[in-house]
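Just one chain follows, in the form predicted on its own, and it is written as structure tokens.
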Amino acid sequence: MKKKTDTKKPYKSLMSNAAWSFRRLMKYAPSSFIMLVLCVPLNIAMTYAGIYLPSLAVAEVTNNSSFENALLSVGGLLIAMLAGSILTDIFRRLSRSRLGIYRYMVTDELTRKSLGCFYQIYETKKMRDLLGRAERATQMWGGTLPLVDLPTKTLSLIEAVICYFLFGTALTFVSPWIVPILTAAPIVNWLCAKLYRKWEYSHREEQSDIDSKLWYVQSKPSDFGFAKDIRIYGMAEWIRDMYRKLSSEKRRWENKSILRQFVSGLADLFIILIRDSGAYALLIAMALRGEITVDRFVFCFAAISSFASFIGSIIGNYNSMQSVSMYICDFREYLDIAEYDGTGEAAIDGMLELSPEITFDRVTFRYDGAKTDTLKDISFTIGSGEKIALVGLNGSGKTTLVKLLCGLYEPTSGEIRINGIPVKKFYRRDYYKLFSPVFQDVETSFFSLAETVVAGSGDEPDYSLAEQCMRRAGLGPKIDSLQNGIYTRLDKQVNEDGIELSGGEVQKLMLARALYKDAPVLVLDEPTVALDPISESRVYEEYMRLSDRKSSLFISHRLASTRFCDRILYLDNGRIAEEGTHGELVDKGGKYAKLFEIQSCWYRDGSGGSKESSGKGEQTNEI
């Protein structure tokens, strides 16, 4: 089935994008803007001098001027042109260096948006695709850098328009027909270019989709974490086949683009031939009839060539501006995506010392584009200091519930309250202070172990405390084995002396980060999934000790962990199917009891008997 193309109008007009670019340029690199503007009159003067120089030399010869006078007039003009050329080159070089700062600062706006964008929006494919297109505005593609090209080409367009009127007026005094001949023909060129731009814009999502898939496949061979699977499971040929398939799709799209550009270029060449031939024929006829002098003929001949280039520059710059403006549209649209933040009516500070009460009131959530709800009419309360275990099969909605609790998602319906106050009344940046989460899927970066634990805590980092937290999380032996201890950097691809942690070590590092933050609410999403049973037991014991007086929500597939919790919520198909203590749920004989029975073989002693009592509220310290 053929993919439907996007035919909507651009997000912003060309004029709006040009004005936006100039405002950013004035804000981040005003000296560059001033130098670019100064280049306009200098270039116009240099162009006029270049056209006037041959006719001046001819006039000096035909008027029988002395060698000294001819040398003075022609040489003086050459010296002025040399000085202007040097000055223009200085302005351009200085401006180019400052344009790098402008590009960096505007790109930083994109980065800040991505880092601070509401997670629920940022996670969607639509947003990610838009980000991919927006990033193209900051990057060099086929010799085009949209962020820089739009303001520079706008000034080039202004320069060409001024030259058009300036030299067009001069040519009009020679013949009123020259300017119309040179001007009318390029309209066809402009229409051809407009059709190509329209086609290119309507297919930009298709191109972006192919590019993102191709980039993803290209990145896999260099993904250190994926390297083992590629080799052991023989995935290399599969990846190469996928790369070849996507490359073929990319080439087909590029071939279509090149063909359309070629057809448009042929039309340009044909029109240029007709345009220039007509203008030169008219000028030669006037010279043969004796209607203009030799020096005037030389001036007009050079002016026609330059005038044609001005028209070409106007059309070329305008077409280029239209093309790069499309990328600026995506860039601005991404920046303008509405943020979801609280009203700020409620303050979080008073809740950071004592764990708050958290209430889910008939909360329902559906993912963007999904046909059914992931969570359905969820209601429960976590009391101050209460420890809740959230269990259930894969796909039951546990992680989604955690993301709602942490403020990464907003309920589709229903309400979450903190000490009776709706979450929407807190600013998100303040609300996040309530939680120390450890998610199941985590990634380390190229920072040191200590920097990873301290993260963006805001206050002066306490690396001594960071080390204590790492040792509490079970990383003591690892730290002692490293030459640089807690200052050892991660990621071998960035740091020459970097290290790679095992899955269990990464989980311990993330737990240490949560301990360092010391928020009033602990949220642990399968924190021991990569740990061995001994390490798991130690983490649970440390969790039990450090979660004293803290509210906590703990997700696990291993029901042994529920012995630490005051209450268990069994989630099934997006609903709370069962609720109670471990003993109550086992006695009930429901889904939780059946799941525990399946896993009970993991918790039996050497004699074959279970060390877990099923009596109500009766739990041993060993499961």
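Start at 1 with the first residue shown and count on from there. Note that the structure is a prediction, hence the values are computed from the model and not measured.
Below, we turn to the form predicted together with a small molecule, even though it does not appear here.
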{"property": "In the predicted complex, G397 touching the small molecule (heavy atom, 4.5 Å)", "result": "yes"}
{"property": "In the predicted complex, E109 touching the small molecule (heavy atom, 4.5 Å)", "result": "no"}
{"property": "Contact test in the predicted complex: S551 vs the small molecule, heavy atoms, 4.5 Å", "result": "no"}
{"property": "Contact flag, Y367 vs the small molecule in the predicted complex, heavy atom cut 4.5 Å", "result": "yes"}
{"property": "One stretch from 162-170, 292-300, 242-250, 367-375 that, in the predicted complex, holds residues within 4.5 Å of the small molecule by heavy atom", "result": "367-375"}
{"property": "Three-residue site E123, L393 and Y409 fully in contact with the small molecule in the predicted complex at 4.5 Å by heavy atom", "result": "yes"}
